[in-house]
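Take a look at this one chain, the form predicted on its own, written out in structure tokens.
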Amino acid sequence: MQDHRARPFLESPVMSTHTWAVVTGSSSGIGRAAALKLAEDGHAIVVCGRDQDRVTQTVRQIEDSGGRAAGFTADLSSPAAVLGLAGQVRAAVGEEPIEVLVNNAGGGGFSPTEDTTAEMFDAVFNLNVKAPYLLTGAFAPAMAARGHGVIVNVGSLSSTMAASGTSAFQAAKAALNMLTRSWTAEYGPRGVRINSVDPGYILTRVNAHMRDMFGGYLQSVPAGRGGAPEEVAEAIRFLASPRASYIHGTVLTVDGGKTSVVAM
């Protein structure tokens, strides 16, 4: 039987002087960059990913820079693993507050509709919608009880721009942006700010090798290039900071201007 429990490791000593930021999918790419930025801002970081070696590297990088981190491995396409992660994180941080949740883990769903099985569809929605939903349900109430906290959902420009062969992924990211607005109505009056970041084509470890496939796309981007994970991470960092104190329920697009112009 598959073990769905999140597995904690490399946990730094708990200190009572910091708040925690939980960043899913933070062993690489945008999530890792966001975890490092938030650590620079003084948050202790819950690093979460599927690959233990990469989680270990991220934890060590934060600690080597003088920060604190706790690493967990979990497959967030499994609702049982999501709930297990939430419980493990709460046990690890103890009485220290979780101030920031970044729902970054996502992906999948790149197949034509007729080739997408019910199981494939469920996996896409489990990872991109149900996991953020369950984690928000696990951590937002405590934020609301304290009267402050931040949730940043990482979506995609696919939530508003359609492409052939990615319908399940696009529908999931559109749903995540609606959750941003719904949670703003639910938790905003109690002091929790919820916003989304929608990246365009970002040169991560996963998709950098596909750069040639996006040649036509990149030619239509006003910035003239793909983005770096750190550029999206800066947007996440901003929304998580007091500098964004009056920004609620918005979607900040980080796509080099792609969604703002019509290719001619």
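In case it trips you up, residue 1 is the first one in the sequence shown, and so on. It should be emphasised that the depicted structure is a prediction, and the values quoted were computed from it without experimental measurement.
The form predicted together with a small molecule is left out here; the points below concern that form.
This chain lacks the partner; the member of 194, 105, 101, 172 within 4.5 angstroms of the small molecule in the predicted bound form by a non-hydrogen atom is 105. The partner is absent here; in the predicted bound form, the one residue of 46, 62, 38, 30 having a heavy atom within 4.5 Å of the small molecule is 30. When contacts are judged by a 4.5 Å heavy atom cut-off, residue 54 counts as touching the small molecule in the predicted bound form. In the predicted bound form, residue 225 stays away from the small molecule, with no heavy atom inside 4.5 Å. Taking the partner from the other structure, the small molecule in the predicted bound form has no heavy atom within 4.5 Å of any heavy atom of residue 124. Although the partner is absent from this view, residue 76 contacts the small molecule in the predicted bound form, with a non-hydrogen atom inside 4.5 angstroms. In plain terms, the part of the chain that comes close to the small molecule in the predicted bound form, with a heavy atom within 4.5 Å, is 152-160 out of 152-160, 181-189, 86-94, 134-142.
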